[in-house]
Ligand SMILES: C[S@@+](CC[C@H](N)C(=O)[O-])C[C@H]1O[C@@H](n2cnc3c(N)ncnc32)[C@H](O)[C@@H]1O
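Encoded as C-alpha coordinates, the following chain is the form predicted on its own, with no partner shown.
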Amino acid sequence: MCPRIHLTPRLAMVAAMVPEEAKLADIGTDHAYLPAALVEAGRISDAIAADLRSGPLDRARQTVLEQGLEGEIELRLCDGLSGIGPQEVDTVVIAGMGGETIAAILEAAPWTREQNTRLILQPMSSMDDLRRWLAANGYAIEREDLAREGETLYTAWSVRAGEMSPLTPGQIVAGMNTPHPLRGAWLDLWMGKVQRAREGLERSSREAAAGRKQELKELYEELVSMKKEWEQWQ
(Lines give C-alpha, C1' and ligand atoms only; values in the text may rest on other atoms or scores of the structure.)
Protein backbone atom coordinates (compact mmCIF):
# COMPACT_ATOMS: atom_id res chain seq x y z
CA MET A 1 0.00 0.00 0.00
CA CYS A 2 1.24 3.49 -0.89
CA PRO A 3 1.51 6.39 1.58
CA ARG A 4 -1.67 8.36 2.11
CA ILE A 5 -2.78 10.67 -0.67
CA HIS A 6 -1.52 14.26 -0.34
CA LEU A 7 -3.91 16.68 -2.03
CA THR A 8 -2.79 19.77 -3.91
CA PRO A 9 -4.07 23.12 -2.55
CA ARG A 10 -6.84 23.20 -5.17
CA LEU A 11 -8.18 19.77 -4.23
CA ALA A 12 -7.60 20.34 -0.51
CA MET A 13 -9.89 23.38 -0.78
CA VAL A 14 -12.56 21.22 -2.40
CA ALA A 15 -12.10 18.43 0.15
CA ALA A 16 -12.61 20.86 3.04
CA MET A 17 -16.11 21.60 1.73
CA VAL A 18 -17.21 17.94 1.78
CA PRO A 19 -19.30 17.28 4.91
CA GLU A 20 -18.54 14.44 7.30
CA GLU A 21 -20.11 11.10 6.36
CA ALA A 22 -21.12 12.39 2.93
CA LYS A 23 -22.37 9.95 0.30
CA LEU A 24 -20.04 11.34 -2.34
CA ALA A 25 -19.87 11.28 -6.12
CA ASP A 26 -16.73 12.78 -7.67
CA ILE A 27 -17.50 13.65 -11.30
CA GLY A 28 -14.50 13.84 -13.65
CA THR A 29 -12.47 12.08 -10.98
CA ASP A 30 -9.33 11.44 -13.10
CA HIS A 31 -6.91 9.83 -10.60
CA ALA A 32 -9.59 9.62 -7.85
CA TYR A 33 -7.24 11.44 -5.50
CA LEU A 34 -10.08 13.41 -3.87
CA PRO A 35 -12.32 10.49 -2.83
CA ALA A 36 -9.27 8.41 -1.90
CA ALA A 37 -7.95 11.12 0.44
CA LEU A 38 -11.38 11.61 2.04
CA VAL A 39 -11.84 7.87 2.65
CA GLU A 40 -8.30 7.56 4.05
CA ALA A 41 -8.95 10.47 6.42
CA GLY A 42 -12.14 8.83 7.69
CA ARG A 43 -14.21 11.78 6.51
CA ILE A 44 -16.44 9.55 4.34
CA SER A 45 -16.98 5.79 4.36
CA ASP A 46 -17.38 5.26 0.61
CA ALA A 47 -17.69 7.13 -2.66
CA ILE A 48 -18.40 6.90 -6.37
CA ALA A 49 -15.58 8.04 -8.64
CA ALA A 50 -16.91 8.73 -12.14
CA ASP A 51 -15.34 9.79 -15.41
CA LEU A 52 -16.43 10.07 -19.02
CA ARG A 53 -13.31 8.42 -20.45
CA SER A 54 -11.77 5.03 -19.81
CA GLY A 55 -8.21 6.42 -19.55
CA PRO A 56 -8.85 8.59 -16.48
CA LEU A 57 -10.98 5.84 -14.95
CA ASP A 58 -8.08 3.41 -15.36
CA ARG A 59 -5.89 5.89 -13.46
CA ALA A 60 -8.57 6.07 -10.76
CA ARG A 61 -8.64 2.26 -10.58
CA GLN A 62 -4.87 2.24 -10.12
CA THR A 63 -5.14 4.72 -7.23
CA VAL A 64 -7.85 2.62 -5.56
CA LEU A 65 -5.73 -0.53 -5.85
CA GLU A 66 -2.49 1.13 -4.70
CA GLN A 67 -4.20 2.65 -1.65
CA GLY A 68 -6.01 -0.57 -0.75
CA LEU A 69 -9.45 1.03 -1.08
CA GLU A 70 -11.24 -1.69 -3.02
CA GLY A 71 -14.83 -1.92 -1.86
CA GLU A 72 -14.75 1.65 -0.52
CA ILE A 73 -14.61 3.58 -3.80
CA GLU A 74 -16.81 2.44 -6.68
CA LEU A 75 -15.74 3.35 -10.21
CA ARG A 76 -18.27 4.42 -12.86
CA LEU A 77 -17.73 5.13 -16.56
CA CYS A 78 -20.44 7.66 -17.42
CA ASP A 79 -21.16 11.10 -18.83
CA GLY A 80 -21.58 13.49 -15.92
CA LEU A 81 -24.22 12.18 -13.52
CA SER A 82 -25.95 9.99 -16.10
CA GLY A 83 -24.77 6.75 -14.48
CA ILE A 84 -25.46 7.75 -10.88
CA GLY A 85 -28.83 7.42 -9.14
CA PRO A 86 -30.24 10.20 -6.95
CA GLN A 87 -30.59 7.77 -4.03
CA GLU A 88 -26.88 6.91 -4.14
CA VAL A 89 -25.42 10.27 -3.15
CA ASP A 90 -26.07 13.37 -1.10
CA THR A 91 -22.94 15.29 -2.15
CA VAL A 92 -21.59 15.80 -5.68
CA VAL A 93 -18.17 17.23 -6.52
CA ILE A 94 -17.57 18.60 -10.02
CA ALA A 95 -14.07 20.03 -10.08
CA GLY A 96 -11.57 21.05 -12.72
CA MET A 97 -14.04 21.72 -15.54
CA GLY A 98 -15.27 24.79 -17.36
CA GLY A 99 -18.35 26.53 -16.05
CA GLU A 100 -20.38 25.73 -19.16
CA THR A 101 -19.58 22.02 -18.83
CA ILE A 102 -20.59 22.05 -15.17
CA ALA A 103 -23.89 23.75 -16.05
CA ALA A 104 -24.57 21.14 -18.76
CA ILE A 105 -23.97 18.29 -16.29
CA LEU A 106 -26.38 19.82 -13.78
CA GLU A 107 -28.97 20.62 -16.44
CA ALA A 108 -29.06 16.93 -17.33
CA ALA A 109 -29.54 15.99 -13.65
CA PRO A 110 -32.41 18.13 -12.27
CA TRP A 111 -32.68 15.73 -9.32
CA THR A 112 -29.70 17.53 -7.77
CA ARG A 113 -32.00 20.51 -7.28
CA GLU A 114 -35.15 18.52 -6.51
CA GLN A 115 -33.54 16.58 -3.65
CA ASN A 116 -31.33 19.46 -2.51
CA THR A 117 -28.07 17.63 -3.15
CA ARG A 118 -25.01 19.48 -1.92
CA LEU A 119 -22.89 20.51 -4.90
CA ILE A 120 -19.22 21.40 -4.56
CA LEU A 121 -18.17 23.08 -7.77
CA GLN A 122 -14.68 24.14 -8.80
CA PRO A 123 -14.97 25.90 -12.18
CA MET A 124 -11.84 26.61 -14.18
CA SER A 125 -13.44 29.10 -16.58
CA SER A 126 -16.76 30.80 -17.46
CA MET A 127 -17.41 31.43 -13.76
CA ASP A 128 -19.74 34.34 -14.53
CA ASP A 129 -21.80 32.17 -16.89
CA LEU A 130 -22.04 29.43 -14.26
CA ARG A 131 -23.16 31.87 -11.57
CA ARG A 132 -25.87 33.20 -13.87
CA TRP A 133 -26.99 29.68 -14.73
CA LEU A 134 -27.18 28.62 -11.09
CA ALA A 135 -29.23 31.70 -10.18
CA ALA A 136 -31.61 31.15 -13.09
CA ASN A 137 -32.12 27.46 -12.35
CA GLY A 138 -32.91 27.35 -8.67
CA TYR A 139 -29.49 26.99 -7.05
CA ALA A 140 -27.79 29.22 -4.49
CA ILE A 141 -24.09 29.58 -3.70
CA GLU A 142 -23.76 29.23 0.08
CA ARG A 143 -19.99 29.53 0.41
CA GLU A 144 -16.99 30.39 -1.75
CA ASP A 145 -13.33 29.72 -1.09
CA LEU A 146 -9.99 30.46 -2.76
CA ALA A 147 -6.69 28.60 -3.00
CA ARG A 148 -3.34 29.31 -4.61
CA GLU A 149 -1.44 26.57 -6.39
CA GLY A 150 1.84 27.79 -7.81
CA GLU A 151 1.06 31.07 -9.55
CA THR A 152 -2.59 30.21 -10.16
CA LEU A 153 -5.63 31.12 -8.05
CA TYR A 154 -8.63 28.78 -7.89
CA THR A 155 -12.13 29.12 -6.49
CA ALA A 156 -14.60 26.54 -5.20
CA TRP A 157 -18.27 26.92 -4.28
CA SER A 158 -20.64 25.04 -2.02
CA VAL A 159 -24.08 25.13 -3.66
CA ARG A 160 -27.57 23.98 -2.64
CA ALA A 161 -31.06 24.33 -4.06
CA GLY A 162 -32.54 27.74 -3.27
CA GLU A 163 -33.00 31.30 -4.42
CA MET A 164 -29.82 33.27 -5.01
CA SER A 165 -29.86 36.90 -3.92
CA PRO A 166 -29.51 39.32 -6.86
CA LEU A 167 -25.86 39.77 -7.81
CA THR A 168 -24.10 42.92 -8.93
CA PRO A 169 -21.89 42.77 -12.04
CA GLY A 170 -18.79 42.62 -9.82
CA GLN A 171 -20.22 39.76 -7.75
CA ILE A 172 -21.12 37.85 -10.91
CA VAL A 173 -17.51 37.80 -12.13
CA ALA A 174 -15.59 37.80 -8.82
CA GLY A 175 -18.02 36.47 -6.22
CA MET A 176 -19.05 37.93 -2.88
CA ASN A 177 -16.58 40.14 -1.06
CA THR A 178 -14.98 38.55 2.01
CA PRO A 179 -11.89 39.13 4.21
CA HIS A 180 -10.25 36.00 2.73
CA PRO A 181 -6.44 36.48 2.59
CA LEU A 182 -6.41 35.70 -1.15
CA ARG A 183 -9.38 37.91 -1.97
CA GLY A 184 -7.21 40.91 -2.85
CA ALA A 185 -5.17 38.92 -5.37
CA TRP A 186 -8.41 37.46 -6.79
CA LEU A 187 -9.81 40.96 -7.33
CA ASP A 188 -6.52 42.07 -8.90
CA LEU A 189 -6.85 39.17 -11.34
CA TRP A 190 -10.33 40.22 -12.39
CA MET A 191 -9.44 43.92 -12.58
CA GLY A 192 -6.63 42.97 -14.96
CA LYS A 193 -9.01 40.97 -17.16
CA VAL A 194 -11.53 43.79 -17.28
CA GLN A 195 -8.86 46.38 -17.98
CA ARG A 196 -7.51 44.34 -20.91
CA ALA A 197 -11.02 44.04 -22.30
CA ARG A 198 -11.47 47.80 -21.98
CA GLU A 199 -8.21 48.46 -23.79
CA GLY A 200 -9.28 46.15 -26.60
CA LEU A 201 -12.55 48.00 -27.02
CA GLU A 202 -10.80 51.37 -27.04
CA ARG A 203 -9.30 50.37 -30.37
CA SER A 204 -12.75 49.74 -31.80
CA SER A 205 -14.61 52.53 -33.59
CA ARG A 206 -17.91 50.68 -33.79
CA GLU A 207 -20.86 52.40 -32.19
CA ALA A 208 -22.02 49.11 -30.77
CA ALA A 209 -18.90 49.05 -28.61
CA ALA A 210 -19.92 52.20 -26.75
CA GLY A 211 -22.42 50.43 -24.50
CA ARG A 212 -19.99 47.67 -23.70
CA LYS A 213 -17.29 50.22 -22.88
CA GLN A 214 -19.58 51.79 -20.31
CA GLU A 215 -20.44 48.38 -18.80
CA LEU A 216 -16.77 47.53 -18.43
CA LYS A 217 -16.00 50.94 -16.94
CA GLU A 218 -18.68 50.45 -14.28
CA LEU A 219 -17.56 46.87 -13.63
CA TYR A 220 -13.94 47.96 -13.19
CA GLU A 221 -14.99 50.70 -10.77
CA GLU A 222 -17.01 48.20 -8.72
CA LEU A 223 -14.06 45.82 -8.53
CA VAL A 224 -11.81 48.69 -7.37
CA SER A 225 -14.38 49.50 -4.68
CA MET A 226 -14.47 45.86 -3.60
CA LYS A 227 -10.68 45.85 -3.36
CA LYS A 228 -10.74 48.95 -1.14
CA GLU A 229 -13.34 47.32 1.10
CA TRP A 230 -11.17 44.20 1.37
CA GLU A 231 -8.13 46.31 2.26
CA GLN A 232 -10.09 47.90 5.12
CA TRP A 233 -10.75 44.45 6.54
CA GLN A 234 -7.06 43.50 6.59
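Heads up: residue numbers just count along the shown sequence, starting at 1. Since the structure is predicted, the reported quantities are computational estimates derived from the model, not experimental observations.
The same protein has a further form, the form predicted in complex with the named molecule, not shown here; the description that follows concerns it.
The three residues 52, 96 and 101 all sit with a heavy atom within 4.5 Å of the named molecule in the predicted complex.
In the predicted complex, residue 27 approaches the named molecule with a heavy atom inside 4.5 Å. Contact annotation: residue 56 falls within 4.5 Å of the named molecule in the predicted complex, judged by heavy atom distances. Remark: residue 80 counts among the residues lining the named molecule in the predicted complex, judged by a heavy atom distance of 4.5 Å or less. Contact check for residue 11: a heavy atom falls within 4.5 Å of the named molecule in the predicted complex.
Look at 165-173, 62-70, 44-52, 189-197: in the predicted complex, residues with non-hydrogen atoms within 4.5 angstroms of the named molecule sit in 44-52. Checking 147, 105, 127, 141 for any heavy atom within 4.5 Å of the named molecule in the predicted complex turns up a single hit: 105.
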